[in-house]
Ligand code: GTR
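Read the single chain below, which is given as structure tokens and is the form predicted alone.
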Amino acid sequence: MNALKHIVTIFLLCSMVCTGVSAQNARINYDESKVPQFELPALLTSDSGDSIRTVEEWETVRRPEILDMLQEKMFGRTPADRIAVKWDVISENGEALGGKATFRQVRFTFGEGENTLEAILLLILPNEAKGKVPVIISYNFNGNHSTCMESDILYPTKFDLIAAEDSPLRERGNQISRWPLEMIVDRGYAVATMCYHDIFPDRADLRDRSAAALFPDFLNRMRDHDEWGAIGVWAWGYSRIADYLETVGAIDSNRMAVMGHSRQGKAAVWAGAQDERFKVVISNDSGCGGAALSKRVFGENISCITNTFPHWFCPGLCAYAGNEQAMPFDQHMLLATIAPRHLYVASAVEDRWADPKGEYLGAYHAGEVYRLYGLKPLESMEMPPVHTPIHNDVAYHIRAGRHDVTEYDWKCYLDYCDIYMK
């Protein structure tokens, strides 16, 4: 009976999502010949019309303009207020992964008094490392327990809001294919992962159970056009993980990378734009609102994403639903704000929903700013062949397969980090 209830619940949720998407399906374009003619907003022209010719002009004039525009019209404004954050180690297992790693579980407590939120970080440290190690920070989707088979890994604190008691999401290792932890540890990297639901449970009706609700202006801003969206909150969470890692003696806090897949790829790029501690920023299949150019209107588009996931972005983005050509920004501008730090964008051949060509072009057009710094961007508008990574200061690869994170992706990211973080 419980299993039947679970199936019915999933069916109802899927029906609601499909109903929301069905009205948009007529606008979903997978035909390259139907991509509209468009003109990208200028990266190196200020709002006042002045040309940006130097790094100083970029850093003091144009980059702040772009970040402000993205807060106002896409992700919402990150609160200027700071809230209390405490950490305490729950457990430590020095014999994980057959003795190769130490698994440390850390409870984060955000806020004070009755208005608090808890989240659990899983930090994976290589045992054979000599000296401080670089770290890759990345959210998981199904809980820390989904990344491995270790029996003591706790479920996310918000899991009961998302997964029923008999849900297959509760099975240990249910997304282990996305987390080749032994390979990562063998390469000398630490991993810091947290379930993204712990920061903002991924439902529009659970905003009051998210970190956003801890801030003093939460209620006053709920109707603002630049109200903080879930992707912005997840990006803020990436930075709070970085705060903790700066206190860990085994971690080299000057060598921190952030990697995100899909919706968390969007959050990773926005985190990298705002937080310069991330030396490498990796977007895996981030698509619309991430690396892909919105003005191409290929695959998932602004109308679809704002209707299906109204809590992800600020309300101001809805002004461009079905009206992408009016956008005064596009994703190449977001990606460019990461310069001069290192940017990696990756796609999958079968993931047309995320628009691989649009992801590549987003990274390519960000190259104007990398050239200002004397760095090496993507040099051709033509995408590379499948399984032919380009590891310039702006990096890209496209692999065979579907929307996912694979061992091949991780190998490419580690090869890249070996160049720029080791």
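For clarity, every value in this text was computed on a predicted model and none was experimentally measured. Residue numbers here begin at 1 and follow the sequence given.
Only in words, not in the display: the form predicted in complex with the ligand, which the text now covers.
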Answer among 121 to 129, 160 to 168, 309 to 317, 330 to 338 for heavy atoms within 4.5 Å of the ligand in the model of the complex: the stretch 309 to 317
Listed residue that, although the ligand is not shown, lies within 4.5 Å of it in the model of the complex (heavy atoms), from 193, 210, 142, 262
262
So which of 198, 227, 150, 300 gets a non-hydrogen atom within 4.5 Å of the ligand in the model of the complex?
300
With the cut-off set at 4.5 Å between non-hydrogen atoms, does residue 97 touch the ligand in the model of the complex?
no
4.5 Å heavy atom contact, residue 295 to the ligand in the model of the complex
no
Residue 305 near the ligand in the model of the complex, any heavy atom under 4.5 Å?
yes
Given that the partner is absent here, does residue 353 sit within 4.5 Å of the ligand in the model of the complex, heavy atoms only?
yes
